[in-house]
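A lone chain, given as structure tokens: the form predicted alone.
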Amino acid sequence: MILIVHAHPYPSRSRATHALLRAAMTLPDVTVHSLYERYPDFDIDIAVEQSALSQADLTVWLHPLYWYSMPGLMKHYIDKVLALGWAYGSARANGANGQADETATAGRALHGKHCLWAPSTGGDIEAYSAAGVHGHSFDSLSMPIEMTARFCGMFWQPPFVLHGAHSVSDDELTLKTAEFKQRLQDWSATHVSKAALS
């Protein structure tokens, strides 16, 4: 199962992210959690979100880039849902003999699962270069996101980035949405093949 965690503060104004989401939703076994629609008050149902992540084989973090990172609710989601003792680390509990039992809840809920980061940017690809307005490559921005996934034991997939979301032509957007859909299909085909062989 593929879980798309979608975070756009103004989903009705989103042309690019909405197009990617629409394309992905035509695939089987895709579930979408649009955070700003589900939690407008930022009161995240942690148990529901952890359950969805537990069932997913691939989690996609889909959002526009906000100040070189993710929108506020997406960051809040990661802070709350990827909790100590569940997504990483271990929570100590007392065993039957009264001694600490570190195996009671080992934070391995996401170990072995896959993560795909799919951000969109307002600037074009040239803006994210040493000579561009941002002065750095886009790859330099992915490190905190990648380390979050890897720290939770997830397999990091090469990011899918849609640059120039405000100015991309309809034809270019159609091509990018088809490319995004194909990425998900290719991942599913590979994953199903490996599962059948194991």
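Small disclaimer: the values here were computed from a predicted structure and weren't measured. Heads up: residue numbers just count along the shown sequence, starting at 1.
From this point on, the text means the form predicted in complex with a small molecule, which you will not see here.
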Interface membership of residue 14, the small molecule in the predicted bound form, 4.5 Å heavy atom rule: yes
Heavy atom of residue 86 within 4.5 Å of the small molecule in the predicted bound form: no
Proximity of residue 66 to the small molecule in the predicted bound form, heavy atoms at 4.5 Å: yes
4.5 Å heavy atom contact, residue 165 to the small molecule in the predicted bound form: yes
In the predicted bound form, segment of 58-66, 45-53, 27-35, 142-150 with a heavy atom within 4.5 Å of the small molecule: 58-66
Heavy atom distance at most 4.5 Å to the small molecule in the predicted bound form, all of 112, 181 and 187: no
